[in-house]
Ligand code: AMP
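In structure tokens, the next block holds one chain alone, the form predicted on its own.
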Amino acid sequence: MTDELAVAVARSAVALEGAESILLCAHVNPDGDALGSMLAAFWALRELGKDPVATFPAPFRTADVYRFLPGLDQLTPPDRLRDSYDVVTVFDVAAPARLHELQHQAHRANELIVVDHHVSNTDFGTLPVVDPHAAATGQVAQRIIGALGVALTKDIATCLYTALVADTGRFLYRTTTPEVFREAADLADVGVDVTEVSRHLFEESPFAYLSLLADVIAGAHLEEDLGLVWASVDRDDLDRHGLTPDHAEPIIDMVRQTQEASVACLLKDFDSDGVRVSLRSRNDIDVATISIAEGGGGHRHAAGFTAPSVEAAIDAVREGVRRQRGLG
């Protein structure tokens, strides 16, 4: 941890300890890292005798795979929040726009703490605690919890482990370092049921998911000249199988297994907000650069953005890959 980050961690702990009212926020459609980080902080602050409020923007629902997380039933819907809080702390949020309607509370806070690990973070907030070298926001949250002097409980550790295992893809991504394994071991020592967490996150899907996956994979495209594989899923696909957008998220991990491609792309066309693009890379192609150019963000090997149409999305991906490969 750099000296600058250590100072930010210490300052954030002081701000949280001195706050009368605290709001904890994850980004819209929160994933395991966002939820795990936020809930770990929630339980840590409760250990200190605080009464934090935890939430995320509408639509106020989480994917079924996270139903095991301790504290999920303690979350407060965004329409029941106060107008302002002393300290607002946001988790895994690279830019204010990811907070949607919660930007109101964020802007009105005396202190806005930003706990994140995205290289694309826009450095917003009064107190950014951002470590782009961390494998998950959960690692940054754990440092703040340590600075608060809170001992890890099973609930806190389960939330932090969820953040870590989710954002490292079961410790398969390049961000998995020896430090990640050491932290995972420390969390397991507290009593985390690692088998149960992995089962919920990665090994349970409704039977209809198999049919959806078959349809999407059958329509996948391989562009060998670019080393690119891509597939798309839309609202009709989901409705046909009686599934929700959450069920489509793991499909990118199947697409990225294509041996002939080093860049994988999943296009999710679910609503009028635009086509959500998930990108993965396993070589020198920096998908964060592609995503940032399109108004998105992420990491070198895992990133995303939103495009107005499927055609615009895949054209942007192709152009980004061509540029980085020096193909004009």
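Predicted model, so just to flag it, every value in this text is computed and none were measured. Residue numbers here begin at 1 and follow the sequence given.
There is another form of the same protein, the form predicted in complex with ligand AMP; it is not shown, and what comes next is about it.
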property	result
Which of 292-300, 65-73, 52-60, 38-46 sits within 4.5 Å of ligand AMP in the predicted bound form, heavy atom basis	292-300
Touches ligand AMP in the predicted bound form: His118 (any heavy atom, 4.5 Å)	yes
Close approach of Arg98 to ligand AMP in the predicted bound form, 4.5 Å, heavy atom	yes
4.5 Å heavy atom contact, Ser309 and ligand AMP in the predicted bound form	no
Close approach of Ser281 to ligand AMP in the predicted bound form, 4.5 Å, heavy atom	no
